[in-house]
Ligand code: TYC
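Taking the form predicted alone, here's one chain by itself in structure tokens.
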């Protein structure tokens, strides 16, 4: 074996060892969901989706209508930390504007299971 191979190293006992590459797996994804209520104006929900989830007016309106008719709607899918942060920020924003709108993060459906 060649001494210039960076994949191998020799410990104090003279044992030649090869480092195993780290086994990485994709992080679990979480969906950010808005929950329907009977008080928050539809226009506020549309503007909130545009502002925090960067959706077009048309797409935001479609999400708002799904929330209105089905009780909840997915605004985006992110890693856990980002999803939890977005849910907290959106809920706080709604509260700051005196609306009871609730936002939460929940595990996204994994089709690979």
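Positions refer to the first chain, counted from 1. Fair warning: this is a prediction, and the values are worked out from it, not measured in the lab.
In what follows, reference is made to the form predicted in complex with ligand TYC, a form of this protein that is not presented.
By the criterion of a heavy atom within 4.5 Å, residue 37 is counted among the residues contacting ligand TYC in the predicted bound form.
Within 4.5 Å of some heavy atom of ligand TYC in the predicted bound form lies at least one heavy atom of residue 41. Contact annotation for residue 94: none of its heavy atoms lies within 4.5 Å of ligand TYC in the predicted bound form.
Put simply, residue 105 is far from ligand TYC in the predicted bound form: not one heavy atom of it is within 4.5 Å. Taking the partner from elsewhere, every residue among 45, 64 and 68 has a non-hydrogen atom within 4.5 angstroms of ligand TYC in the predicted bound form.
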